[in-house]
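Below you will find one chain, with nothing else, as structure tokens; this is the form predicted alone, and questions on how it binds or moves follow later.
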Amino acid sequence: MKIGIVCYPTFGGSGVLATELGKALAEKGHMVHFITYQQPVRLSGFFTNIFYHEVRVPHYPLFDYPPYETTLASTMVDVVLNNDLDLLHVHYAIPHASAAYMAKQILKKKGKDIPVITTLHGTDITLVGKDKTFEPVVTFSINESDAITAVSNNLRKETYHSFHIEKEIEVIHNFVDVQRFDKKPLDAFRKVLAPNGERIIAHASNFRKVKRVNDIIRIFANITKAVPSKLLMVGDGPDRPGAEELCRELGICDDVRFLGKQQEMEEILAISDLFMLTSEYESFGLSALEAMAAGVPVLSSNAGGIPEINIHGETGYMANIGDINELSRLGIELLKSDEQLNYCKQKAKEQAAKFDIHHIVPLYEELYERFVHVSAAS
């Protein structure tokens, strides 16, 4: 098949999943065309079956805001026609689903009926989509998609609750390439970060308000008093300066490293003993799943779709959103016991294996084939 993938090219979960999906499809022989405003961060290296099409937004003094959605729709039309694509798979509702609807209508006028698959990822529904400014367009463009998927059961439920959706939403969970995260820890790397045998705790996110990164800092401050530890904060975003300031206030700067955006998370997770994710909402928790694939237990809130992957007392521990004391207690309990820590590490790997890329990608292929065959027949 010739598949167009539209996504955000950033470090967020939707862009990561879309890119990894495209790479996996290309490895299986499909021709994959990425359409976005810059090359996706996970799309490094050369792939014979992958093509990248940049959305170039013209800058005119007439516009206070660049017309990205219109330009995106036009680029979709151009890529579909010039490469004879079989379908478009758009990730994240805003503005990709609405731009795809516009492109679909233009293509119909040109004699090309292109199926559009929309995958909902989380904040496009739970945060941005609920804004009255966007809600009518989000609802319409989702309903006009040929198929709708959500990355968790929780997100499917949230979408039906928040929008008047007239079609079936299929759940195809996020996935992880287990083989990629099956890395042996680099002892030299670990000794540099934890020279006295401290436990290593990791967190990765885009440092937005929803991630509650200050909770991470406060929980770590409590844990390291009982179990000497180091904290690796991976990523960047608006709440990073506040988190750094909190480290100074708590006197833990020497034990916390802010690493910025990193593409080689597998190397960091390989030396980690615990991964923390304290978000007030996660549609799924892809970063937690990647940690599990590396054999790292997860200490998390019980928000959104996280309980679909993190099994309390097995793959890690969960507590209510913002319950810093309970999460601290659970983290200390886990890190103090080598026996329990090793048990959770093994269970985390076993759980991640259920979401391995080789189990999930065929579900997308089956979905594509349903609509490509229908389109070809019509």
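Position 1 is the first residue in the sequence shown; the rest follow in order. Bear in mind that the values here come from a model prediction, so they are computed numbers and not experimental data.
Here the subject shifts to the form predicted in complex with a small molecule, a form of this protein not shown in this document.
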> Pick from F134, Y281, F163, F181: which has a non-hydrogen atom within 4.5 Å of the small molecule in the predicted bound form?
Replying inline: Y281
> Which listed residue (N174, S301, S141, S272) meets the criterion of a heavy atom within 4.5 Å of the small molecule in the predicted bound form?
Replying inline: N174
> Wondering, does G122 line up within 4.5 Å of the small molecule in the predicted bound form on heavy atoms?
Replying inline: yes
> For F220, is any heavy atom within 4.5 Å of the small molecule in the predicted bound form, or not?
Replying inline: no
>> in the predicted bound form, is there a heavy atom of the small molecule that lies within 4.5 Å of any heavy atom of P9, even though the partner is absent here?
In response: no
> Contact between H89 and the small molecule in the predicted bound form at 4.5 Å, heavy atoms?
Replying inline: no
>> Please identify, from 226-234, 292-300, 246-254, 206-214, the stretch that has a heavy atom within 4.5 Å of the small molecule in the predicted bound form.
In response: 206-214
